[in-house]
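This document opens with one chain alone, in structure tokens, the form predicted alone.
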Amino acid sequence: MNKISEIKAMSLVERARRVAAVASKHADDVDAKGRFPQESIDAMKAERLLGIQIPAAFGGESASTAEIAEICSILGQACAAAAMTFSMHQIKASSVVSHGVDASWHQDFMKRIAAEQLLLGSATTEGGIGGNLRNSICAIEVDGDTCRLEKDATVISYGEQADAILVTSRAHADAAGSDQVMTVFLKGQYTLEKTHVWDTLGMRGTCSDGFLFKAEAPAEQILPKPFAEIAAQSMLANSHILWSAVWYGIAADAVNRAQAFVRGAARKQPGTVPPGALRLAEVSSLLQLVKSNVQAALEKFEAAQADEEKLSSMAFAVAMNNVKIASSQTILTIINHCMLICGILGYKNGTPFSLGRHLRDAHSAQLMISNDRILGNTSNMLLVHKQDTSLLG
């Protein structure tokens, strides 16, 4: 058995925990310096985790969304930046797996992702429209067998570190803003001119700087399905589920630190209930809500995957939007309560109970994609769609 086969023979959870051990050692330094979590990504590649979603027929492991979400959660408990990078990579991979499987170039690309452990970046944000995923200003130019694109990408997820970037644009110069395609551009096919520096409150290690993106590549690298289908059928659910799994991991680690603090206080004063014990019980309940929220979303996504009509339905979109809203809001309450439990030791950096990094990273949850934008989309759908109120629906 060769080394790659030996690694694949281990469980995904075991491999993820080995990566998490590396990520945890460097998490504070990644955050303090706002640097890319290179050690964690190198560990992911060594554990062959970047290609797990690729179908086995193309060299991957056909990992399910549930298995990937579990890895996101494990990594989230160690380093939010590493976990978010992994989740964003897998969200991009889901687009290729779901919508490029019948195209020869994309089949070969999937083989490369699995074999070479390529890291996939994302460029969906654009100057003039912000984070409106379903609208583009730039348009791809197709000239014979070649395509060209120039995009003012105000955010590209770990753009300088990615091995390939998946970019949205209008389908052609005369297309409406919502008539979009997604194209895979490999490193060497594009140039990046930095326009914005990623100096943020949290998620500092994702290094999502802004760039003027210029690319030229074979036109066959354009995904064959319209981006509207890609967004509805793969990106929506994968984004909201995998992000929520990362956020759950951040909150879970905060709760673990708060629990350790309360246990330590209880040992110091046997026979008494520490002041934070009741608040700890409260955050345990809230953490379970987030977990149940993600699990329910996974079940709904799995049930809908064989039916494109369900995946593109308003009911499914509303449900996935609600998953993101609930998770992103609840984790802030959880971590804030954990801060109150740990007190000054949670507020200070460099203690076993420090929670500043967790709180700052968690604040990104409501902003990527903006909860206000999602609530606006949901409210429009609810004007014409009846809310599902069944427990089994």
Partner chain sequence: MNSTIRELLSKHGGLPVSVETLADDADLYEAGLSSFASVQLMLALEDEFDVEFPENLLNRKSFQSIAAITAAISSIAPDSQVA
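Residue numbers count along the first chain shown, from 1. As the structure is a computational prediction, the values presented were derived from the model and not from experiment.
A second form of this protein, the form predicted together with the partner chain, is not displayed here; the remarks below concern that form.
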Exercise. Looking at 228, 286, 260, 115, which has any heavy atom no more than 4.5 Å from the partner chain in the predicted bound form?
Worked result: 228
Seminar exercise, completed: Interface check vs the partner chain in the predicted bound form: of 219, 296, 315, 265, the one with a heavy atom inside 4.5 Å is 315
Seminar exercise, completed: Of 81-89, 176-184, 194-202, 143-151, the segment with heavy atoms within 4.5 Å of the partner chain in the predicted bound form is residues 176-184
Exercise. For residue 11, is any heavy atom within 4.5 Å of the partner chain in the predicted bound form, or not?
Worked result: no
Exercise. Does residue 384 make contact with the partner chain in the predicted bound form, using a 4.5 Å heavy atom cut-off?
Worked result: yes
For this session: Determine whether any heavy atom of residue 309 comes within 4.5 Å of a heavy atom of the partner chain in the predicted bound form, and answer yes or no.
Result: yes
Exercise. If you check in the predicted bound form, is residue 214 within 4.5 Å of the partner chain, heavy atoms only?
Worked result: no
Exercise. Across 134-155, which residues bring a heavy atom to within 4.5 Å of the partner chain in the predicted bound form?
Worked result: 134
